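To begin, one chain is listed below as structure tokens, in the form predicted alone.
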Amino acid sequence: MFIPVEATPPSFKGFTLILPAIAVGNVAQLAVDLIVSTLSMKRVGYMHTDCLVPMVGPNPYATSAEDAGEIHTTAEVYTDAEKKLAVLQIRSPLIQSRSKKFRKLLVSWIKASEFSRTVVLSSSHAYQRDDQQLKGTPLRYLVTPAMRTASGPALTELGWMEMERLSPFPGLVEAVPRLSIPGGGVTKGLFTDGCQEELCLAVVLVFCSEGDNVPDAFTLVNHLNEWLLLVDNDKRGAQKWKVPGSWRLLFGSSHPPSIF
């Protein structure tokens, strides 16, 4: 259930929605952090649900002492009205037994809000790639039939690689290839729901391993920027992303000097 922070609920009609899947390395959540921080997006509401582990914390995008004390929650919605862009940031794990309920909640909200298109950022285990997935870029995409009609030619023109359907029994010619996204959390289920509900939805993901996944986040968000053009390139052709201050604590505090 979406709860606005102001008395007048915002209108999302015609907006593009970006949201992360809680997947291997938290790459999608880090990529969303970069988008919200760089565009200085405004918080307009939050999702009230029992499907996510509850949590609160200080403002992860604080730029001054005044806004550092703001309380932020598990799942919040940010917007950039000029770009007609909305972002749902999810900061805690999904309760496994409520995965289907959470997907239903998201799909219902997306349809009710009349977003023009939805982009799910995700990741998948690099070590479980098929031989054909070891070639070329570690980035892949998926689109629902509705999104293929709307944006398929643009993605093809960009030269993006679509996620391969793999045989569940490698070596058997008779086996029917199927979609597999190991480590992708709700990605596959949400994509399947999007196809069934005729949503204009795309998945953009990167193969990665657990560890320091900041480079993977930059890789994913730069790839997304090729399509959505969220930020301009600098003179060298690189994108300028603003790292939020909260990233200083990604790996905890540094060692105390007194131990030496």
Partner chain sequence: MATFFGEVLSVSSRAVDEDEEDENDEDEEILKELDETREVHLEWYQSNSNLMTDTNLIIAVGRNAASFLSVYVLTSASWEAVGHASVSNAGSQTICGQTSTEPACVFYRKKDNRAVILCQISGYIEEDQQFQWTEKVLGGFKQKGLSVTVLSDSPVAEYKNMDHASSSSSPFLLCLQTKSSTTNPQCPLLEQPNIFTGIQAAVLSHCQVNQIPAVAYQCYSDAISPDSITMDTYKLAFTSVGDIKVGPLPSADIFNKFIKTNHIQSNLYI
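Quantities reported herein were computed from a predicted structural model and do not represent experimental measurements. Positions refer to the first chain, counted from 1.
Another form, the form predicted together with the partner chain, is not on view; read the next lines as being about it.
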query	finding
The partner chain in the model of the complex: contacting segment from 135-143, 79-87, 180-188, 149-157, heavy atom within 4.5 Å	180-188
Partner contact for Thr8 in the model of the complex: the partner chain, 4.5 angstroms, heavy atom	no
4.5 Å heavy atom contact, Lys42 to the partner chain in the model of the complex	no
Residue contact check: Asn59 to the partner chain in the model of the complex, 4.5 Å heavy atom	yes
Heavy atom of Gly69 within 4.5 Å of the partner chain in the model of the complex	yes
Residue among Leu166, Leu105, Ala126, Ile95 with a heavy atom within 4.5 Å of the partner chain in the model of the complex	Ile95
Any residue of 8-44 that, in the model of the complex, places a heavy atom within 4.5 Å of the partner chain	Ile22, Ala23, Val24, Gly25, Asn26, Arg43
